[in-house]
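In the form predicted on its own, a lone chain appears below as structure tokens.
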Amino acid sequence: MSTRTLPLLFINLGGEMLYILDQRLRAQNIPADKAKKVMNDIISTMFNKKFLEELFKPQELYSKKALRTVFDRLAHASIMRLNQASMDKLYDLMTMAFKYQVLLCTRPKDILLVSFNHMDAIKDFVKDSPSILSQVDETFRQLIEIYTPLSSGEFQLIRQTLLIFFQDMHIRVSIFLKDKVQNSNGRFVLPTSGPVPYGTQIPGLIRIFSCTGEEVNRLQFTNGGNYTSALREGSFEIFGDRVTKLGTNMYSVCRPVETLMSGTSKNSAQHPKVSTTPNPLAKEELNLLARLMGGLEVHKAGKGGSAFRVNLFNTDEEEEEALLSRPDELCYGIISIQATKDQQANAELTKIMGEFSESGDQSPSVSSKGDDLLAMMDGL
């Protein structure tokens, strides 16, 4: 497992989340000023300096539930609100899109180009906000500094770590099904054609060498595909042509996007059972998550009623139906915890917990968010 995977996973999933939210804000005719505020608030929180300092520290990936907690909080970092069914759908679309991109990378290092495509799009979202743009640029420079010197073997380990994380996720997405790149069981169809990885040759030739290194024979074989040579390598600089389209906005063309469930497959194929066996690394994972969450702030909706709800379904009825059919293993139980000992042992966590429980002019759904989040963290 690579200890350098978490920043790439977070940035790419965050990029996909922004693509989806941008599309839904437009589709629901949210006023331009409110839509811009949502995007700016989320991106500003996502690239918070303190948050990224924790994120870029070498560390193991933690559980899917812990990562979902981070994105739940990130999605509500502004005046926008999502109910549980819409949040489920948002996270499903994010994860399946990035999983598909990782699978289609022709060489492990291309994962960095996918990340750069997401970063380029994020920069475009905040091009009119210089302070936020500088946050994004600083993260871009960190990515270049940390990841471009890595070897092919290290990138292969990052790719393997990502695929292990995604291996049990088989949610069907309408765009992928219509394009015939995903089967009805949620598994992707990998192509046997197209450009080969940069720096490699089209398969079909075997060279035989003598013990002295001299080529003595050549054999040709049918490669079973329609491969072409790579034209050029994508740019790994802060500006440049990435060449690959993986990681660009697939929602820029107006198409309805659905996550699909049918019959018994909604539990078995879409959401694997979550083990209730205690995780021996839960304490370390909780401490890490607490430090990460310290950089994320939920926007408090005031009396002015500026908060609004975004629906990722076509109608409210579809959203309610999805919520009722939600698999039980995705419903987090509420557990009461006594945090007195933690207050004495960990001042930082105490401060964060205090921020979660702040009262004020919040609506009931917002004011209870901290309690729900603590319960989810406690259940890791």
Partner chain sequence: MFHKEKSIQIKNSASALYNNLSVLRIAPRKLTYFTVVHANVVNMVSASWDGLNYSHRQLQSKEPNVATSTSLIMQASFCVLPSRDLLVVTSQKGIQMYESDGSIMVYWHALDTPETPTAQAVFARGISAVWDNYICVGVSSGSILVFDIPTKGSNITLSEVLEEHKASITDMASECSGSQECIADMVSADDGGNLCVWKAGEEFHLLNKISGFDMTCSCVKLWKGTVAAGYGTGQIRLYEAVTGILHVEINAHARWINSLDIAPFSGLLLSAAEDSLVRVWHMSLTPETNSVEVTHLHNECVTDTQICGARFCDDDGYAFAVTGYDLSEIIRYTQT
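Residue numbers count along the first chain shown, from 1. Remember, it's a predicted structure, so these values are computed and weren't measured experimentally.
This next part talks about the form predicted together with its partner chain, which is not shown.
The candidate stretches are 70 to 78, 127 to 135, 111 to 119, 214 to 222, and the one lying within 4.5 Å of its partner chain in the predicted complex by heavy atoms is 214 to 222. Taking K178, K245, K123, R187 one by one, only a single residue has any non-hydrogen atom within 4.5 Å of its partner chain in the predicted complex, and it is R187. Site annotation in the predicted complex: the residue of E237, D241, D168, E145 reaching within 4.5 Å of its partner chain with a heavy atom is D168.
Contact annotation: R207 falls within 4.5 Å of its partner chain in the predicted complex, judged by heavy atom distances. Interface membership of Q201, defined by any non-hydrogen atom within 4.5 Å of its partner chain in the predicted complex, is confirmed. By the criterion of a heavy atom within 4.5 Å, P149 is excluded from the residues contacting its partner chain in the predicted complex.
The closest heavy atom approach of E53 to its partner chain in the predicted complex falls outside 4.5 Å.
In the predicted complex, the residues of 1 to 20 lying within 4.5 Å of its partner chain by at least one heavy atom are, in order, M1, S2, T3, R4.
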